[in-house]
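The structure tokens that follow cover one protein chain in two forms, given apart as structure 1 and structure 2.
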Structure 1
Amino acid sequence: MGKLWLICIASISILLPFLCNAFSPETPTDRRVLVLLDDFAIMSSHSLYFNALKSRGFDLEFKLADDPKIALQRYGQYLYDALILFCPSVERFGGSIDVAAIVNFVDSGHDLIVAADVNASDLIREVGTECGVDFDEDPSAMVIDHIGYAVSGTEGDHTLIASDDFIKSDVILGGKKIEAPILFRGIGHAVSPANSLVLKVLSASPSAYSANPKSKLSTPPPLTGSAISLVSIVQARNNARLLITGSLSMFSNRFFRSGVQKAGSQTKHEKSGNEQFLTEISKWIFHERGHLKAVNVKHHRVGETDEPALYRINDELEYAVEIYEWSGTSWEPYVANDVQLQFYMMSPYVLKTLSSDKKGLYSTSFKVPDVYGVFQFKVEHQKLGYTSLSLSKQIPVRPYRHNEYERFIPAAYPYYGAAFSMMAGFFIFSFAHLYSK
């Protein structure tokens, strides 16, 4: 009995960290992160990035990408909240992991970071394709920029890019401006303009192109200018978040600490913007910023507090919902002026912008349309950088009953008067005719 008790205690002590740190709707920040590497040397060469994650409370588990024992789930339960692929040259994942397993991981609402490089394998390129980006098909191609290169690399082939073409979004990159350019060396990728879920976060300059730096161009390069994305993000419809880049080096200690001066600029920065850029964007990827939740959805007739089972046409009603944003440690009121409510049946009969009290409460009031049927209260809030909110609730709307109509309509008083006059005249004429006999 004593041995059994010790086994139970040991099992709980092993599982407790996972149970306490797991991703949940109430604490949506990823905590358990699997990092797959080509070589354990990356742990030291990229230690600044990993230590920054650990300092924010992330539990990183490092494994070789071809380790035969790795798995994303066990007994139908996922073991990790997020996955980082720092293994650009891996030809085949170990264990039960493959491209389909990674896609299912994302489809289940988990987050992913993919860092390719010049030696990117077909496997990693396939993962990128599944994420909605297309790396340059030429395996020897790199991003080259003879104008936007880093000055420290002038003696080279201008493959060390200094880019500062960022997406304009404080929720994705943080409120503090990134002053220094980002150092990038690697391969570029293209984003389909038809795919609204994929966004370019860091783009190449108009003078950049993708080609083999060791050979002369015989044909125009397939990727040129600002169409080349250096870093892209995806927010899936299930609010899973992904980051895809063609440079593993940009996460390295060397690029974090390097001074940088962009060609053509007189300003030399003692340190590149890589650390700030990747720290801020990782906060977004891991739901420390831009994650919304809606609670306490209420609707009722004006002057009442209870939610009715149905409404009558022309009823005056009130609708309210509380919306909060996760700050990484707590839920804070979400403040916006573009949250809208639809009262919907086949198409919106009412479209109202909700008023905010700046403390998270959004509300409005309106009159039920003079149309009966099954309506829906719908809030569809989609905003750059934020998780999408989709709220809906059906409610029937009935017509007036036979005994609920007004007996006398003020607007019809003249007609009532005319009808009364005609009736009075008819009776007077009838009585007069009767007595005349």
Structure 2
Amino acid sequence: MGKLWLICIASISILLPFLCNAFSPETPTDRRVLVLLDDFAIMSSHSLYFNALKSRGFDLEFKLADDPKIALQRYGQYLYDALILFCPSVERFGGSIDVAAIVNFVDSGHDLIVAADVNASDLIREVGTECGVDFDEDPSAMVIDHIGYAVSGTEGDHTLIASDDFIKSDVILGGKKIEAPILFRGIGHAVSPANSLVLKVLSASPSAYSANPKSKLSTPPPLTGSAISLVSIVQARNNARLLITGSLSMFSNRFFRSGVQKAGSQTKHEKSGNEQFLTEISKWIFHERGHLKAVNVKHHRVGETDEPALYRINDELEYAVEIYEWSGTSWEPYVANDVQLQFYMMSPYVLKTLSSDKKGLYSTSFKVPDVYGVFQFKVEHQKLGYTSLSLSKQIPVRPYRHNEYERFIPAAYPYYGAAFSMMAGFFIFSFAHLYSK
């Protein structure tokens, strides 16, 4: 019996690090990913993409979207760090998953990849709406581009388009330039103007429009030109990252492998940019890149080391914070020259750019303004592609104490003189008056 216990405890202590090998503030990269599919054929038809993920250490769990056993959380704990929805036609999820569950999953800081397609179900559209994008309402509409299509053997209806209108961000798309255009066949969407967080990563060319390729165009298409987004991302306020696209096939092995030549262009690429693009963006989505953390916020008066509970007006103070970036395996110093500190009370009284020592330490020093009140040290660093750093620390600033003012002011010497001569004069006068007779 005792032996059994020992084995149990030993096995738990060995397994524990692995069990806990999940998303945490210290290692922000996702580990456990749930992939929901329309049917298991996608597993093989999109195996390149999945294998790329697996090779980077992700633990993929494939389930049918209508599998009655699927669940995102058990006993209040989320079972996965990220969710991939490759199930554009699902009408109802199995198990306990619904739109609200997915939204809660995201709102508690988890990542999501949604791929819709032509004839996407209302459910997937609803997920898209919650994430701030509106898919074309016509269920059979596709993105058509008669100028920017991908040249293929047959003339076709120009629904296979080659797009290279990327967002300009090395953080999201990786340092290496994507040479080949991206092959895309699917449904277009527009980003909701009310949503300030959604970004177009890959937009359609100005000549694109969204319509049913089989029917004649009778009314102007609702979505046209570069307003059509092919791939969008959202970084929520809690730094959850979302990817929404209207094409499932762009993840497929066929698109990954096929060569591409954009209409009107002479260069023919041996291989489309899909693999590079989607791999790089998945690194961003799963927090292998662009994830910042700020630690060791320190502030103190110049010449001191302890952090005071409150400052006095006109104090000289120093502020320092360490900012690191997650490289996928370790925390590297974050190097930038535009991290700013505000000393804020309803509006910034002091705004200073922090100087960096290139090892992650950012610091500055300044003089507290001659205004008392409850101030905040605020660092609001929101840079495209990076998680938003929003540090605020409340600190009251008090006025001088009664004995902290200058004791003798040179300008007041006439007054001192007046007071003392008056006192002396009064004394002499009283003396003379009382004892003169």
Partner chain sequence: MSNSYTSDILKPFKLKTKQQELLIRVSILCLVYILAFITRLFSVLRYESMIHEFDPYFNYRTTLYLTQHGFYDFWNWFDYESWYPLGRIVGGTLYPGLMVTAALIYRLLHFLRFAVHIREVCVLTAPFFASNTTLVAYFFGKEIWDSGAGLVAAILIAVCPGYISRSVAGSYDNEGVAIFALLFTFYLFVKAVNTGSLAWGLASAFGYFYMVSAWGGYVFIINLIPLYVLVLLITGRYSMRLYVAYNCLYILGMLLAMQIRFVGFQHVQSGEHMAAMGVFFLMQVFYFLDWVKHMLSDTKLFQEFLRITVTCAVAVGGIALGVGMASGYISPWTGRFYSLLDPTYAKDHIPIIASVSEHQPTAWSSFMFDFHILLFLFPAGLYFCFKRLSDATIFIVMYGLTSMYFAGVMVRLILVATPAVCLISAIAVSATVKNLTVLLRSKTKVAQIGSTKGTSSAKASSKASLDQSQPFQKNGAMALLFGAFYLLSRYATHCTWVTSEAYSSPSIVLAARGAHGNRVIFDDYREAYFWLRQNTPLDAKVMSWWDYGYQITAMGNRTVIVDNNTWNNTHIATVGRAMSSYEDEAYEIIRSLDVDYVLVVFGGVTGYSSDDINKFLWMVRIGGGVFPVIKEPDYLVNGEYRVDKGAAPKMLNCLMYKLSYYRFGEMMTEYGKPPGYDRARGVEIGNKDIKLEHLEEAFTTSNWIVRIYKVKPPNNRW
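Sequence positions of structure 1, starting at 1, serve as the residue numbers. We call the rigid core the largest set of C-alpha positions that still match within 1.5 Å between the two forms. As the structure is a computational prediction, the values presented were derived from the model and not from experiment.
Working note: structure 1 is the copy from the form predicted alone; the remaining copy is not. Its Cα shifted by 8.8 Å, residue 414 is compared between structures 1 and 2 on a rigid core fit.
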